Every structure is written in structure tokens, then in C-alpha cells.
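Here's a solo chain for you in C-alpha cells, the form predicted alone.
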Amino acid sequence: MTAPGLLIVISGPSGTGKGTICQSLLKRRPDIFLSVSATTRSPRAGEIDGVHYHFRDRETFEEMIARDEFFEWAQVYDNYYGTPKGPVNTALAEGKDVLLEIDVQGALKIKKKAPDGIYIFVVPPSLDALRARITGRGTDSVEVINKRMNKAMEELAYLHEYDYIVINDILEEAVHRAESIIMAEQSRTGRFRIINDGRSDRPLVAAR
């Protein structure tokens, strides 16, 4: 019997490096299934349907909302964005671990529908480091940077809604810690059953 996979949700304020951690984690663990969001916005140059996003027209997206086919969804300006349940649930049922990178608000919505997931909160080593990372992008005004910092402070208040914290100071160490969390969760006793058929050549435990 194949044990269900783990739903791994990596979240945190903008600028903490959660996306970079996810990319590095997937390189180390290509067996992990990456959840792909759906959107009604048009594909940009080089974007591939099903790889970067599931591109859907507005009518189709709203029909999916009505059928409760999203873990979470939101409207950003004129477009919808959401996390489809179907591909995630299929991968989990096949025993694959699923990785989902999402903002704090989205993660909290998903937790209501999937409380058994593994929720990892990525934080910077300090607020000064976070401001330096946001400023280092070179694309935002001082006003925008201050707004991002204020939002980050608001989102940090939800830290205890998560199961684990990963401090992203040195990237390699942060990725290693995230991978260690996944390995520990895979080894929980509740995911196994004892085999007791009297045969000494059989494994002692197997997936539930």
C-alpha cells in the first residue's frame, strides 16, 4: 500500500527568499511534485500552460470557484489566481509529496481545508536584512519599500499558525533545514503499520 504524500506549504513575507528555497529544494528533491497555480491573466512571453500557470478564461475559473475546486483563490486587480485541488490531490493519493509556495494569506486559507499539511514559515535573519533584500531589487520606491516592510510585520504576526520556522540567512543552510523537516515528517510513526505475519524475511513496517 502506498502512503499518501505530504502537502508541504512554504510561505512567508515577500523578500524572505521562499521562492529561492523552493527552487533549490526541487533541484535536490526532483521527486517532489510542484503545485502550479491557475490564473485568468494572459500568458507572458515564454510562459507555458501547465508549467508556469494553468491559464484559464474568466468563465472557466468562475465555474471552478462555484464547484469548490480551489484550495484558495483571490482576485488581484482584474485577474483571478488560485490553487487547484485536483492535481494536488491526485499527486498526494499517488504517494507523491507536493510543494506549494504561496503568500501568507493564501497559506492560511489552505490550512483551513488541508490542516494535515506541513506548514513552513520562512523568515529573514533580521528586519534590516529584509529591508536590504527588498531595496536590493532596485525596482521599488521608498514608499513601496516601506509598505512592503509594514506588510511583512503584519504577516509575521501569523508565525504561530505554522508548524515550522526556517530562518533564511545562509541559503544552503535554509534549504537543508527545509529538507530535514520533510524527511522527519516522512518518518513519523503514524505513517507506518507493523507487519506481523511471522515471516522473518519480511520488512517489519510498511506504509499505511
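Source: prediction; values computed, not measured. Between two forms, the rigid core is defined as the largest C-alpha subset superposing within 1.5 Å. Counting begins at 1, following the sequence as shown.
Here the subject shifts to the form predicted together with adenosine-5'-diphosphate, a form of this protein not shown in this document.
Chemist: Has each of 17, 20 and 171 got a heavy atom lying within 4.5 angstroms of adenosine-5'-diphosphate in the predicted complex?
Modeler: Yes: each residue has a heavy atom within 4.5 Å of the partner.
Chemist: Answer for residue 113 alone: is it within 4.5 Å of adenosine-5'-diphosphate in the predicted complex, judged on heavy atom distances?
Modeler: Residue 113: no contact with adenosine-5'-diphosphate in the predicted complex.
Chemist: If you apply a 4.5 angstroms heavy atom cut-off, which residues in 87-102 are near adenosine-5'-diphosphate in the predicted complex?
Modeler: The one in contact is 101.
Chemist: With both forms fit on the core, is the shift of the CA atom of residue 53 between this form and the one not shown 2 Å or larger?
Modeler: True for residue 53: a C-alpha shift of 2 Å or more.
Chemist: For residue 176, does the CA position differ by 2 Å or more between this form and the one not shown when the superposition is done on the rigid core?
Modeler: No, the C-alpha moves less than 2 Å.
Chemist: If I superpose the two forms on their rigid core, does the C-alpha of residue 44 end up displaced by 2 Å or more between this form and the one not shown?
Modeler: Yes; that C-alpha moves by at least 2 Å between this form and the one not shown.
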